[in-house]
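Alright, here's a single protein chain in two forms, structure 1 and structure 2, each given by itself as structure tokens.
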Structure 1
């Protein structure tokens, strides 16, 4: 079976955030683009499934400016994905989850993919909408956020585990389906150096911007318009509780939580 895993380039977590000149988005100057954290969990899950289901191949798909998308695709290949497709973001296309879903739909509608894995949300815009929107476009099931996906060879079915209050819900997924990953059961693997070297030379299938433009034309009208990008006022540092004994510290803290912060249950 073929598994597709959606990978998004996002600014590295240590990026120093700054609004751009227009004040409506992130200043891309000096930003290092890396594979989104939850997407890395999705890649790990895809590779674990590939290792447990004979005849499975994994294709990584990324939508974005070409250079960035290809960089995360090479990373996915270095981790063990078999193939990659980059869906080029047309210049001026809005950054909106519905537009992204439509672009990825173009890449997916052409292949018989049994399972689409993605991260629960990307570390930049954190919408979590691409997976469900894509599922609706493909007309297939979508099972929400899973912490683990297992292949049951006896019944040829996928079992997901989802974290809910007090435990885990087990869900039997029928394919084709979209599943979002929260954190892989196992930590995402580290790419081996020789595989990184090989991934630099791997062929990447490209969907050119011209084709993508027409695929996203209709949803583009729904895209949100960015008005402002702001940094929160810097936290001024903690107000320190003065105390002479642990009991006094506890008493004072509880009083503050109740009377000043108003968060005491």
Structure 2
């Protein structure tokens, strides 16, 4: 069985972000690109299934500019993925979930993949739409968000655990299927140095932008386009309130909110 795990490069949480010259997007200069957090859980879940199902292989697939996509693909290989495919984003193509799904569909339609795993959403856009859109394009079932995925050899199906308010529910899922991961039931593994070094030389299948352009042409006209990219206003710092009793603290806080912050009339 072949498992495909979708991985997306996103800016590192500690990277200083800034708008580009036009103010409509992120300036990529100096940005460190890393594997999206929920995607890392999807990779871990794929590797756990690989370890429990004999003859299973895991292929990581990423869509985006070549340099940043291949960086996260090599990290996925270092973690234990067997192969990787980089789907190059055409110049000027919008960062839209439907466009991304169409590009990934191109890569998956060429392979006999039984299971597609992805993170429930990426940390940069938080849309959570790529998985469902991809399942629709592939014509296979999409089972929503799971916290654990196990293989039931007796029924040749998956058992999913999904988080609901107050507990967990178990769902039987037939293949082929698309499943999004909220968080793996155990912490994602850490890549070992020898594997990181080997991943630097690993071969990565590449799908050029020229081939991708025709695949996304239909949905590109429907894509949402970013109008502006702005950073939040800088913090002005905290103001300490001196008080001798909780009542005095509340009284002073209300006065500041009314007279200085103008929150209350």
Partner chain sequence: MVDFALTSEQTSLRDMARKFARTEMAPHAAECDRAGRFPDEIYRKAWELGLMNLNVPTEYGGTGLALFDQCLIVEELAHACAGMTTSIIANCLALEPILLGGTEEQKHRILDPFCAEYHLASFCLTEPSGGSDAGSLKTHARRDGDHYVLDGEKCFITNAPFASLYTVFATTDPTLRHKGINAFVVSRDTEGVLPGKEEEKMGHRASATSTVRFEGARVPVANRLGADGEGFSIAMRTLDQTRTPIGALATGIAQAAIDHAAAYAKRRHTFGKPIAEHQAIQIKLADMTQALRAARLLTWEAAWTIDHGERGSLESAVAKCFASDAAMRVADEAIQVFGGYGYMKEYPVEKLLRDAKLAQIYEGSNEIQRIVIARELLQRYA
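Numbering follows the first chain given and starts at 1. None of these values were measured; they are calculated from a predicted model. Here, rigid core means the biggest group of C-alpha atoms that superpose within 1.5 Å across both forms.
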item: Label of the structure corresponding to the form predicted together with its partner chain; value: 1
item: Threshold 2 Å Cα movement between structure 1 and structure 2 at residue 242, rigid core reference; value: yes
item: Shift of residue 231 between structure 1 and structure 2 at or above 2 Å (CA, core fit); value: yes
item: Residue 11: Cα shift of 2 Å or greater between structure 1 and structure 2 (core-aligned); value: no
item: Rigid-core-superposed Cα shift at residue 20 between structure 1 and structure 2, Å; value: 2.6
item: Rigid-core-fitted C-alpha displacement of residue 257 between structure 1 and structure 2 (angstrom); value: 14.0
